[in-house]
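One chain comes next, on its own, written as structure tokens: the form predicted alone.
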Amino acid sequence: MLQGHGIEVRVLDKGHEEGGRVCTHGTEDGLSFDHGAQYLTIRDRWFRRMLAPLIEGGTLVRWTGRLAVAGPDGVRPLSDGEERWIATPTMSALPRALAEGLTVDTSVRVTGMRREGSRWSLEHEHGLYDGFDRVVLAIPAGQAAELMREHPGLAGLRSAAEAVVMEPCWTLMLYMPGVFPTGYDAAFVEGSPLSWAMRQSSKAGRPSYEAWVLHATATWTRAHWDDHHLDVTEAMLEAWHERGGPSPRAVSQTMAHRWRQAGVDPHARPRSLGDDEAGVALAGDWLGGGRVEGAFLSGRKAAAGVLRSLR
């Protein structure tokens, strides 16, 4: 969003690849799971305009799996008219495509910020990046607040970030031989420790083996955050079994993952926060309702603010 305006942009990402929670986890024995964002919506015209080339090129496709609601009274089909999109062949393909043409340094964890005159330097575990006119912190709210802690001039932005409560999520990835007839490919789960279940093979480009991703609710995750992963696995498998899933004994491989900052208030309107004088802006899904689309719209607003301040 800034690169085409004659501005040099450098992206620092603590992950080993771009994308954050828009990602895919691969195992040593060849299994893969979209264990973060399961899909995305495209409601905003600017978001659709940016993604149009990826849709035309086949990187983004409509997900057409059978959707359901799994509750205490059974499973019922769900047809809500919402368009849901996935990246192919994995969710990681989306951020990888969006990063083309950008300078992205991965596996860089920024640990501090220094103000030197009108410019910023960013400290990381192995050294220092210096000479930045503007800094956009497109990271979870708590991490943004921590980076601004030593700068009194950023107290307003820090307070806004500290006021945001991000929700955690235990995620379970599982594989079983054969095919289990759940009657759905993905389900919103109600009245359960689980909130979501999705069959990987229902997504275009994925292998046909029976692999699923389960997400726990934020409330249950918070209560069981420090539990051993085997106890979490057992509880989540049993909860799924109670909502139409297979017997836990039918599952042959599992892997549990904790997302510390997985979601936020879904009703938040997309926005950004910034201090033009200090040259710092905040963006992210936590300023946009927790969705991929919200993260984009927040980032777009932050980019517009940076352009305005530089003019």
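Residue positions are given as counts along the sequence shown, with the first one as 1. All values reported here derive from a predicted model rather than from experimental measurement.
Although not depicted, the form predicted together with a small molecule is the subject of the following passage.
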Seminar exercise, completed: For the small molecule in the predicted complex, the stretch among 247 to 255, 25 to 33, 281 to 289, 59 to 67 with residues bearing a heavy atom within 4.5 Å is 281 to 289
Exercise. Just to confirm, Val9 within 4.5 Å of the small molecule in the predicted complex by heavy atoms?
Worked result: no
Exercise. Does Ala262 reach the small molecule in the predicted complex, with heavy atoms at most 4.5 Å apart?
Worked result: yes
Exercise. Heavy atom to heavy atom, is Ala138 within 4.5 Å of the small molecule in the predicted complex?
Worked result: yes
For this session: Please run the contact check for Thr171 against the small molecule in the predicted complex: heavy atoms, 4.5 angstroms, yes or no?
Result: yes
Exercise. Looking in the predicted complex, is the small molecule within 4.5 Å of a heavy atom from each of Asp13, Val108 and Leu147?
Worked result: yes
Seminar exercise, completed: Answer key: of Gln143, Ser121, Ser192, Thr88, within 4.5 Å of the small molecule in the predicted complex (heavy atoms) is Gln143
Problem set entry | Residue (of Arg158, Arg206, His215, Arg199) lying close to the small molecule in the predicted complex, criterion heavy atoms within 4.5 Å | His215
